[in-house]
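Alright, here's a single protein chain in two forms, structure 1 and structure 2, each given by itself as structure tokens.
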Structure 1
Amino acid sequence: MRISEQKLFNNKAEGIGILLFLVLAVLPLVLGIIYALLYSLGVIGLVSDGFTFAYWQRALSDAEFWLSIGYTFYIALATIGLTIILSLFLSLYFRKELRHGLPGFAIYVPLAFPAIVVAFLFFQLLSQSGLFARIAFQLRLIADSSVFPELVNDPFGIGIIGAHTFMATPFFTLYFMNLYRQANLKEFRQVAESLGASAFEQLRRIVVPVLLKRAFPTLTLYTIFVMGSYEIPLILGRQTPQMMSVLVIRKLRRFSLSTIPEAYITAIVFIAIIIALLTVLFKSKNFSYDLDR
């Protein structure tokens, strides 16, 4: 009698395929977290004096750290909120126009912009000597560049939110247009109409809820993506408050080595937040990225 043995992999190809994944996608994350943890606990590192919670205590009592977490959430949520409103409007109002011709091409153009170029562009347009300030000056709305409102490197992150929204809105406009077709919303609207729903009621009760529900996973992933963005807050942000990714790199690159453990603590907390958000997302019923066949 042949007893079928429990094998980890069915064949060599499967072994290689999965091993590749473990080495490239799982192992680095684990190693990264371990390194950051050890550094933050004083076990390793250039300034290490042996195991200590001192760095954690210092980091957790630092107002800048908490402010940075709050600011990161604020920027991401403001961006996603603004993006939802704008892209719902564009995708529903200009649905016909955006499908063909020049508008159909133009809506894709911002997708060809890397974050660093968008940041540069917004700086050029919104700064006090930027294009908008010049136009305001020529229109005699302002008499001097310093009177122009601070829109970049401002305390409320207006420039940062604007730049992110510029990148996200075309994407979600196209995404909503796709969903609209996939979800047969045209037919559902006709059903609602025959039941006596006005155009506004069709939008409010059928179209918008369906679109938002379907888009929920992607919206969440995009929010996480904005939370971890670097180039845009680096160029358009200010010293405080700072988004977490910028704070990590700043503390890592200071001349004084003493802030390095704090940089790694911020990184660990950021990774923990992302893992928590993703775990919640994976539990939600709306998440249907072919996870289970």
Structure 2
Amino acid sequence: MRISEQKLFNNKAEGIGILLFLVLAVLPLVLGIIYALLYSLGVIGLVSDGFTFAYWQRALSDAEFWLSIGYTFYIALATIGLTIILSLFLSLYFRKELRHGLPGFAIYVPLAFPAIVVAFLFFQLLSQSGLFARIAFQLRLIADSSVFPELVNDPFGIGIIGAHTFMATPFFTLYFMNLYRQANLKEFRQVAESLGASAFEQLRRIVVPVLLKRAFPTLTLYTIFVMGSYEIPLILGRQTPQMMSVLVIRKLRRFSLSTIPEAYITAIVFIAIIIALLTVLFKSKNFSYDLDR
């Protein structure tokens, strides 16, 4: 009787690939976090005076720090919520149109734009001196450009949310269309229709739950991407409140060296919050997904 031996890797190439990933991607990240932690504790760095919690106390007692965390979560959740609504609408009601012709080509165009280009585009369109304000003035809808609604550099992050939604909606529209086909939801809807379910009930009870359940990992990762974005909130956001990425960079680049440990503390706490949320989400007993179907 031959006992099969379980291998850690299927082949040598897979083992080398994982090793390279750990060395080139994971190890620098871990070393960076360790460096930031030691710097924030005063063990190393330009302002090192020995081990201390003073920087942590100062950073965690700063109201701007907690306001920035709340603002970052608000922007990310508002963006992903709006993206889901638009993507589901397009993928379910314009599925045929988006497979060919001009709409099928146009849906790919926003995917080619870098974030900084989208940020400048929205600034030129939505600012009080931008294209939309000028059109409204020429149409005599407003008496002066200053009357135009404040859509960029505004306290509610309308420009930031709009720019991220513009970038994400085409991707998730195509993603939902692909999931719709892979999950054979057309056949499921036909069965539900034969059992007397209305079109709205088919969407509410079958299509939307299945799509969201299968897309949950990708939606979660994109939400984290929005929370860590830099170019768009830098150009379209205000000085206060700021998203976490902009706040960290601002503290790092100040003339005062005393704010550098605070920048590292801000980054460490933010990373810890993200890891904790991911752990809760992906280890929940009520959550399961299938990436193979």
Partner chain sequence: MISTGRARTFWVKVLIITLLFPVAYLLMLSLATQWIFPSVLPASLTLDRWSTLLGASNLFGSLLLSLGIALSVATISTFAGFFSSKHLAYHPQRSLWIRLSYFPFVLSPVIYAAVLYFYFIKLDLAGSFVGVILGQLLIAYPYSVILFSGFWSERIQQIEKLTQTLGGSRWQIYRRVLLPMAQGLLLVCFFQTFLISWFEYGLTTIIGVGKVQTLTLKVFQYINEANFYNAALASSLLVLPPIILLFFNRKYLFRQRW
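All figures in this text were calculated on a predicted structure; none of them were measured in a lab. Just so we're on the same page, residue numbers count up from 1 along structure 1's sequence. C-alpha atoms forming the largest set that superposes within 1.5 Å between two forms make up the rigid core.
Only structure 1 matches the form predicted in complex with its partner chain.
L19: CA moves 2 Å or more between the two structures after rigid-core fitting. Superposing the two forms on their core, we find that the Cα atom of L278 is displaced by 3.2 Å between the two structures.
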